[in-house]
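Heads up, the chain below is alone and in the form predicted alone; it's given as structure tokens.
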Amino acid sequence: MMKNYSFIRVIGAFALIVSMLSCYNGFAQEEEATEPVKERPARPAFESGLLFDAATTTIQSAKTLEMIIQHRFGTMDNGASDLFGIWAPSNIRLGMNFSILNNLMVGIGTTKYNKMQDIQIKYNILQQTRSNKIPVTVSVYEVIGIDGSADDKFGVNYKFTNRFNYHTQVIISRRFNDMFSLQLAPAFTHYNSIDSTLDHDRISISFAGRIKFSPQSSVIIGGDFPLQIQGISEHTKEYNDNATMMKPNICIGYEVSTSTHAFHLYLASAQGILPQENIMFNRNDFFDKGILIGLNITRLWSF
């Protein structure tokens, strides 16, 4: 009888220990469940930080140096006589970008037209996540241009500050899937010195898209659309209605990208390369003999 009683006590003690361990495990699981899950960033919407002459929200990883060559030939309106723009006057820009942080890039460049020197800054304030808790990537992008033309271009009241121009942009992108990415970018452009027939300030909206059809190849498309907003114009509505308005810069092309390179070959309608040049001065019509050939090459080095 005593043996049976002892056996029952042992079984009871064992059951008590098991129940206590189960409770402890349940509490531990509850605590783990309440810990926030770390959000993983989605892959960048675009392979490169550059698409045509437009910036994307992509910033290379910290301590990465990016070399950029951008080239625009002349328009094709003279046909074969200047080899469809290849022999016509062209524009070129050489640039270098450096990623200080994973979400902060600074860059410098020099452009043939107007001997323009530029300083660029791009900062990602939001990053799209894989869970879509944050559905878009948002960047702030600034280009400061310094016109290197001769002093007499700026008139008798020349000041060094007349050379400055600015382009400020908010870029919003989304990677929808492995094939398709899209971005929109409202912008404000200002020139300290401008022709009297033009406004110093202009608002614009740009878009860019990519359709990836192989691991390295994509079709790319983009456009920059200057807006005529009477509220910030320095001219009357009648003048603006009769003036020749700036034309949008339409681009369509082909992209090849690897882990260290990106190459773009495309058709565009603006010969300027810095975004403020295209917003302020483009008069080429993509649908009326205003097409030219462009190409970009980028190369990355990590440190």
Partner chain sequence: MKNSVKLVAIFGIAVLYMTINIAMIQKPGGPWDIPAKYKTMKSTIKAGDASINTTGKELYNKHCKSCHGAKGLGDGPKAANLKTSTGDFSAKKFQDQSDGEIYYQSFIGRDEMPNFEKKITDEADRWAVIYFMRTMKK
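Bear in mind the structure is a predicted one, so any value in this text is a computation, not a measurement. Positions refer to the first chain, counted from 1.
Here the subject shifts to the form predicted in complex with the partner chain, a form of this protein not shown in this document.
The partner chain in the predicted bound form is approached by residue 260, whose closest heavy atom lies within 4.5 angstroms of it.
The closest heavy atom approach of residue 277 to the partner chain in the predicted bound form falls outside 4.5 Å. In the predicted bound form, the partner chain sits within 4.5 Å of a heavy atom of residue 130.
Under a 4.5 angstroms non-hydrogen atom cutoff, the partner chain in the predicted bound form has residue 216 among its neighbouring residues. Annotated contact segment (heavy atom within 4.5 Å of the partner chain in the predicted bound form): 38 to 46, selected among 38 to 46, 245 to 253, 231 to 239, 267 to 275. Distance criterion of 4.5 Å from any heavy atom to the partner chain in the predicted bound form singles out 175 from the list 163, 93, 202, 175.
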